[in-house]
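This document starts with one chain, in the form predicted on its own, laid out as structure tokens.
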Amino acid sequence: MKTSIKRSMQAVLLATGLLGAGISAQAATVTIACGSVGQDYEFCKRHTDEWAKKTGHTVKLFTAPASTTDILGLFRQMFAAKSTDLDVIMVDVVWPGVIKDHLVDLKPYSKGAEKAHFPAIVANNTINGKLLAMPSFTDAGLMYYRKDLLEKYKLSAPKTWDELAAAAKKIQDGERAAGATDFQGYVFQAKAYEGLTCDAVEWLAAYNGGSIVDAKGNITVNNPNAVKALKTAASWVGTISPTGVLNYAEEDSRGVFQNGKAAFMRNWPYAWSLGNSADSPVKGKIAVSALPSGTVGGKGGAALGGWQLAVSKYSKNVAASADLVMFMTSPEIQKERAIKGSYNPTIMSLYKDKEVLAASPFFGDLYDVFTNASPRPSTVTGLKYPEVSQAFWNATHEVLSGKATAEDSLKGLEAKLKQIKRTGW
């Protein structure tokens, strides 16, 4: 009886906005898993401290692994054990269908706030009518380049992958001849993990190679255009990219590029503010563009990324945790993250905000890239997506490392995906 009264009081306080305003039925301790890439942890610490001060609750930060693959594995272990150690978790855009059974429906707590966010992302986070996560920031793969070096070598920003390879080679040769022997033409994410799936989805899209599994559930990855895409990417390793790129994740790539050791880099928007930070060797020397296409006049591919915040079904403090989620995904917090950390908002109105555009001008220029990015086939493959992605990144890694031809690797991948699918997704 006491528990039901307590919950009723919390529901009333939430409905009237008093819980979020600093008056709580009972102080709770909420543990949140924050991201560990770039400045995300620092933002999370500052904003959760703000919320704790405002509400009287206490927040503990749980440092998740750096790799998205490792994070998902850890969360699934905790869910299997019905662990109460985590209340609020960060959810990758491809996870809602995988962990849907372990998340709280946030609709009773959102008060319609989701209507201000990109509809496609809200739809991605809604399963069987339940809003399982609130969008925090969206992402799309981008091309970073050294505008000073393009000017030095009289080059234009490349529009195709062939143009990029040629430009990267010219700059790399020139810089090495001038004494920078470890200078690289192009760095990207080629480690065997989810990040490689993102990069390779972009290559497939650029060469009209499909999307691994189409919207109807058909396995389409074994096709001539996909073969060409992977062959092209493999040609970079050991020529314009170091062989070490085969073990690079986002931060490895950023480290090389931000230290002035590469001409081009594929990465997410977060790298912009870090590249232009006061202590960055390339501050003021970088520019951003859409990723190249496979053909002249064609469209480049940009993998859809982004993160959401969700509440674990096993939390002992659901109401307080949901209130924290709503605070962390609010317009005020998204605006600050956009200005200070170049994190793409999921709230549409912020793309017209003058302060946001002044901090990250490319947000406006590349708005179409962010809103039309290529999704990974997580919705159609559901619970089997992690297996699908792992099979894809392993097949791709074999091609990049020269262990298999693109033809053989994609043929083997097709067979593996049929095995995973069996009677259906």
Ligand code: GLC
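A residue's number is simply how far along the shown sequence it sits, counting from 1. Here the structure is a predicted model, which is why all the values come from computation and not from measurement.
We do not show the form predicted together with the named molecule, though everything after this point is about it.
Though the named molecule is absent from this view, in the model of the complex it lies within 4.5 Å of a heavy atom of just one residue from 133, 262, 198, 229, which is 198. Exactly one listed residue, out of 381, 55, 68, 360, brings a non-hydrogen atom to within 4.5 Å of the named molecule in the model of the complex: 68. The named molecule is not shown here, but in the model of the complex it comes within 4.5 Å of a heavy atom of residue 376. Remark: residue 300 does not count among the residues lining the named molecule in the model of the complex, judged by a heavy atom distance of 4.5 Å or less.
Although the partner is absent here, residue 306 sits close enough that one of its heavy atoms falls within 4.5 Å of the named molecule in the model of the complex. Interface membership of residue 268, defined by any non-hydrogen atom within 4.5 Å of the named molecule in the model of the complex, is confirmed. With the partner omitted here, the stretch from 332 to 340, 277 to 285, 156 to 164, 90 to 98 that lies within 4.5 Å of the named molecule by heavy atoms in the model of the complex is 90 to 98. Contacts between stretch 234 to 253 and the named molecule, counted in the model of the complex as any heavy atom lying within 4.5 Å, involve 250 alone.
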